[in-house]
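For reference, the chain that follows is the form predicted alone, supplied as structure tokens.
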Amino acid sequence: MTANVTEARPVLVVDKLTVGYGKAPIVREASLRVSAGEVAVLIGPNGSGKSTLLKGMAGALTPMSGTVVISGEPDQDITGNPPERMNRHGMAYVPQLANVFPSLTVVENLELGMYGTRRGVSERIEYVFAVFPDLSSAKRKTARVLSGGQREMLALGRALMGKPKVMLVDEPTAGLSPRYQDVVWEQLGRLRDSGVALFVVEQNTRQALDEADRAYVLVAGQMRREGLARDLLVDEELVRMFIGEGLGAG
């Protein structure tokens, strides 16, 4: 799935972001950038603060310091905006849990991705179905009867409804069988190929580095390493850091 990474102007720029709960910082001064048509992954040990950082970027947590900027004409400083306002600036957030409405159909879930807008909804749904063909064949089913992989596709599809420049995705393969993990990464590749910038938190370190273009390593709340995913995959020091975390297996 990995694309050729270019040094294009980044769409998302995070600079020295500090995030935590109450007055206690969990992640300190994290910086990263993601370009259009690129998949960047965030890896690290359990409890290192990966999901906390993602929530701070998405506005689900208010950062203590630092900035989150969406590049454009002009650039948009969206630091601390709530998730519903992030959508207006081109950022979509797909949390790990509670990311679909189980009692609603596939189509109804997708319609909520453009809540408050009637124009172009049908056309956008057809676009999502073209990206995720499995959803089209299940469009009248409720989300609760979908497989785990299909529910993840639906969550990604709903986020795609708003035509995002950037998608933040939290552990999309968690709890899925290896077969469905491959399916989800295939769909992330389709989104990448459509020009969306993707920033993905993942626990399966080896697969994340196999599939991504760029990678960041978060340890104890601090960015310890960054670079091309293919380079980090063969980095001996990183392999030693992740013994027991999945990199050395397979």
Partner chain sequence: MSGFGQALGFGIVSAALIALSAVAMSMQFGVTKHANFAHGELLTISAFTMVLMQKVTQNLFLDAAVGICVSAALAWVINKTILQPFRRVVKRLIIMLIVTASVSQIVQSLLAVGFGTNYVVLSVPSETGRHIGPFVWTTIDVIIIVLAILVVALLHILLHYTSFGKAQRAVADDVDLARIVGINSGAVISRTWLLTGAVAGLAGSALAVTIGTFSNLLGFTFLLVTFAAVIVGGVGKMYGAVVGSLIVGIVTEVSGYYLSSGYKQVIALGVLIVVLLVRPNGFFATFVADTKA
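Residue numbers count along the first chain shown, from 1. Because the structure is predicted, anything quoted here is derived from the model rather than measured.
Here the subject shifts to the form predicted together with the partner chain, a form of this protein not shown in this document.
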Inset, instruction - Go through Lys139, Arg124, Arg151, Lys165 and name the one with a heavy atom inside 4.5 Å of the partner chain in the model of the complex. - result: Arg151
Inset, instruction - Report yes if any heavy atom of Leu146 sits within 4.5 Å of a heavy atom of the partner chain in the model of the complex; otherwise report no. - result: yes
Inset, instruction - Mark Glu108 yes when one of its heavy atoms lies within 4.5 Å of a heavy atom of the partner chain in the model of the complex, and no otherwise. - result: yes
Legend entry - Asp75, heavy atom within 4.5 angstroms of the partner chain in the model of the complex: no
Legend entry - Contact of Ser71 with the partner chain in the model of the complex (heavy atom, 4.5 Å): no
Legend entry - Residues in 154-173 with any heavy atom within 4.5 Å of the partner chain in the model of the complex: Arg158
